[in-house]
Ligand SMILES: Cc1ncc(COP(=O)(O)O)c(C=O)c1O
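Quick setup: one chain, the form predicted alone, written in C-alpha cells, and binding and motion questions come after.
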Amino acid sequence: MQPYLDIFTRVVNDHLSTPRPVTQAPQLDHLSSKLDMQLHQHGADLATLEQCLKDYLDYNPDSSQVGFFKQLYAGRNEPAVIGDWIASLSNVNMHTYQVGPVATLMEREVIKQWRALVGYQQGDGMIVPGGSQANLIAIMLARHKACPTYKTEGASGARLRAYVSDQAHYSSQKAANILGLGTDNLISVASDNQGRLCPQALTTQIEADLALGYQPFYLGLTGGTTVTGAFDPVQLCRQIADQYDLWLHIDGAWGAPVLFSPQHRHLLEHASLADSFSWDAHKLMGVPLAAAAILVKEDGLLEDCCAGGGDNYLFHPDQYSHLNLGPASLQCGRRADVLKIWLSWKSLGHEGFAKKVDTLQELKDYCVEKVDASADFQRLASAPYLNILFQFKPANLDDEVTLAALNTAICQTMAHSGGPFVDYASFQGRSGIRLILANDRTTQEDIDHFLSQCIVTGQSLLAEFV
C-alpha cells in the first residue's frame, strides 16, 4: 500500500500547489495523441500510473477554482473530500446494518436532519446517487400510491399522466421511460416569464386529460430551475394536487440549501406541503459527486414501494433488521456516500451552510447590479437565486439567432483560453450566458473580472457576426 500512498501524496500536493487554468478545453485529437488510454495485457509500472493521475487532473476542468461558473456545483468542501476518501478505504456496503453499522447510523441522522429542514415531522428517506434517481423514485412512489397493484401486475390498462414545468430537469422524462409510463405521458406545463410553473395552465391541462380518459397522478415542481433558478409556487400547486388527488413532489436538487438560511428560506416556503422532496448534496453543499437524497413525508411508503427479494440470504430477521436500509433502496450494492455528507455537516453545522447561501446570494445581487448597469449586457430573466442568464448584446444587434451564436462563441472562446469556464443556455426563445454561483470563495473582484472578460471576448468576436 505504501508505494501507492506515496504516489497519492505527490500527485495531490502537486495539484494543490501548482497554478493552472480552470480549463484547458483540450480538443479530442490532442487528448487522443497525448494520453495513452489503452488497457494492455501486462500491467504498468508505478511511474506510469503516477503520470496518468497527473494527466487526469491537468486535462479535466478544475471545478474548485473561482473561474468555474459552468455547472450547478463548484468549489471544494474539504471535510467532504476527506470523507469520500475514507469511504473508499473502508468500502462498506449500505444494504444492512451488520456490514455498515456506523454508516447506517450516520445516514439515519442525515436523513432526519434533512427532513426537519423541509418540515417533515415524520417520514423516511434514502441517500441516492443523484437527483435523477431521487426524481425517479418520487414518480415511482406516486405511481405506487395511485395504483398499488402496478408493482405486481403492471399497468393493467391504467392510463397515467404526470406533470412537470417546461423548465423541469430532464430526469423526469428519463424516469417516465424507465418506469414504463411513456414519455408522452409526462406533460410539460407552461411556465411564466420568470420560469415558474403556471397553475392555471396546469389546471387546464389536467381537465383536458381527464376528458380524454387519463388518470392524473403526479405533479413535479422545481425548487431552483437549472436555467433561471426559479421556484415553482408550492402552496397553489398543493391546492391543485389535493383537488385532483396528485402526488406532489419538489425537485430541490439545486435550490434546497436555501432552507438552511433564515434569510432566504422563503424561496422554498411551504416545502413541507410536498409529499416528497429531492436534495442534491453534490450541488450547492459542495459534497463530491455523487450524493443526493429522496425524502418522503409518509413513513414506510418508501420500503413498501421499493422492497422485493433478498430475504433468504441478505435481509435476515435479526435484532438489527429494523435498521437495515437496503429494502427501501433500488440498489443492492450502495457506497457509504453518507460519510462525506455527514462529515462536512458535522464540520460546518447548519450555520456554515446558511452562511454559504447568504454569501452567494449577496454576490448574486452584486453581479445582477453590474449586469443591469452595463450597456454591453442585457439580462434575460429574473434572478431570485444563484443563476444569472444574460446576453452580451451590442446596441446595433437585435437578431436573436446571431446573438445566440455570438454568446455561445464567447463561452467557448473563453474556455479555450483557459477560462473563465461558463455555459450558455436558452430561455423563452432567447439565448445567453448562464452564470452559476456555487463557490463561496468567489469575490466581487472575481465577478468584475468575469464580466470584463465577457465584454473583451465579445468585442473581439463581433466582426465575425455583423
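When you see a residue number, it is the position in the sequence shown, counting from 1. On a predicted model such as this, the values are computed, not experimentally measured, just so you know.
Here the subject shifts to the form predicted together with this ligand, a form of this protein not shown in this document.
One residue of 302, 287, 253, 336 in contact with this ligand, assessed in the predicted bound form (non-hydrogen atom, 4.5 angstroms): Of 302, 287, 253, 336, the residue with a heavy atom within 4.5 Å of this ligand in the predicted bound form is 253.
Identify which of 329, 171, 185, 382 has a heavy atom within 4.5 Å of this ligand in the predicted bound form; exactly one of them does. It is 171.
Is there a heavy atom of residue 143 no more than 4.5 Å from a heavy atom of this ligand in the predicted bound form? Residue 143: no, not in contact with this ligand in the predicted bound form.
Under a 4.5 Å heavy atom criterion, is residue 226 part of the interface with this ligand in the predicted bound form? Residue 226: yes, in contact with this ligand in the predicted bound form.
Could you tell me if residue 276 has a non-hydrogen atom within 4.5 Å of this ligand in the predicted bound form? Because no heavy atom of residue 276 falls inside 4.5 Å of this ligand in the predicted bound form, the answer is no.
Residue 107 versus this ligand, in the predicted bound form: is there a non-hydrogen atom within 4.5 Å? Answer no; every heavy atom of residue 107 is more than 4.5 Å from this ligand in the predicted bound form.
Quick one: find which of 266-274, 212-220, 128-136, 87-95 has residues within 4.5 Å of this ligand in the predicted bound form by heavy atom distance. After filtering at 4.5 Å, what remains is 128-136.
Does anything in 274-311 come within 4.5 Å of this ligand in the predicted bound form by heavy atoms, and if so which residues, in order? Counting only heavy atoms within 4.5 Å of this ligand in the predicted bound form, the contacting residues of 274-311 are 280, 282, 283.
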